[in-house]
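We begin with a single chain expressed as structure tokens, specifically the form predicted alone.
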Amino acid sequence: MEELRWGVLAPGKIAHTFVTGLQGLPGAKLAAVGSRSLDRAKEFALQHGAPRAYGSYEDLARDEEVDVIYVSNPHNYHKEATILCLENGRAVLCEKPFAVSAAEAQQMVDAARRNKVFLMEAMWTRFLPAWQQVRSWIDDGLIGDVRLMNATFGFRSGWDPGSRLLNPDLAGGGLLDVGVYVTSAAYWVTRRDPVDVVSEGHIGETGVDEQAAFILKYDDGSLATLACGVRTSMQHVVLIYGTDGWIEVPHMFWNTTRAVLHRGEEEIVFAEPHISNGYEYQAKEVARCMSEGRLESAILPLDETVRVMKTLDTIRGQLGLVYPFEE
């Protein structure tokens, strides 16, 4: 495809970041934006040069001059918005977390397969060059067998009970906001489902998980120790330990341009600046897949996205975390 025409559904903060990344990608064109507010859509379109703005998601989904839609509304609305787009023949890149539960995620995947339309989770970290290098080091056996992985992602948010992060009606909390990053990273490193999950956490006064820690155990005895939070400052670092060496993905692993391989006294550093802001690599993968007629990405298959959500469901169950709309 010489040109891929993008639509944006829900012009919030992360949509601005995504479109900024998109502007660094040859062949990517922002064609339209849809919002529940026509004024917001027009403002976003004017700022980013989109020729069309719509005051409803439905009108955006029906735009036949849009090839793929980036869904970036709050994650408890992802299922509805994504299926709307898919049923109108629009490919979708859906922001993470893909859904609130594995059941919702499976419905989205089923809709994509039923309509034979491309769908992918926007877990942008996985497509970064540094993380692709990490995968190559592991596949080439440079650290031997992976035995232990440690990843943490947490920050101290301001106290606003109505905010996306702390409001249970919006599926707030650390697990779905940043816990999905460390869990997806564990899947990328181990290439398998855990056989056991043990977790503990703190449910705050608004009813969401303010912090949590969990251990994933695999059938070969290897472990992933993970933690996340929205009211606790943490390092944003991933460490991968093998029988013959270890890999460090430094601070801000979720948007890193660096990875370091350690083998005895040897240290190999991978460093490559982003083309734009890092969001462009997932969009590049969407363009590649669609140009080849693929309905999903081999780097982030749809079934794996569902399995990640199943692991998050297990953790939520152990924490006793139920959102009001699920009761």
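Being a predicted model, the structure only gives us computed values, none of them experimental. Don't overthink the numbering: it's just position in the shown sequence, from 1.
Note that the form predicted in complex with a small molecule isn't included here; everything after this is about it.
In summary, the region of this chain contacting the small molecule in the model of the complex, judged by heavy atoms within 4.5 Å and restricted to 76-84, 208-216, 245-253, 186-194, corresponds to 76-84.
In the model of the complex, no heavy atom of Val306 sits within 4.5 Å of the small molecule.
Residue contact check for Arg113: none of its heavy atoms lie within 4.5 Å of the small molecule in the model of the complex. At the 4.5 Å threshold, heavy atoms of Arg135 stay clear of the small molecule in the model of the complex, well away from it.
The small molecule is not shown here, but in the model of the complex it comes within 4.5 Å of a heavy atom of Tyr181.
This chain appears without its partner; in the model of the complex, the one residue of Arg231, Lys96, His236, Arg126 with a heavy atom within 4.5 Å of the small molecule is Lys96. Though the small molecule is absent from this view, in the model of the complex it lies within 4.5 Å of a heavy atom of just one residue from Arg52, Arg288, His48, Arg40, which is Arg40.
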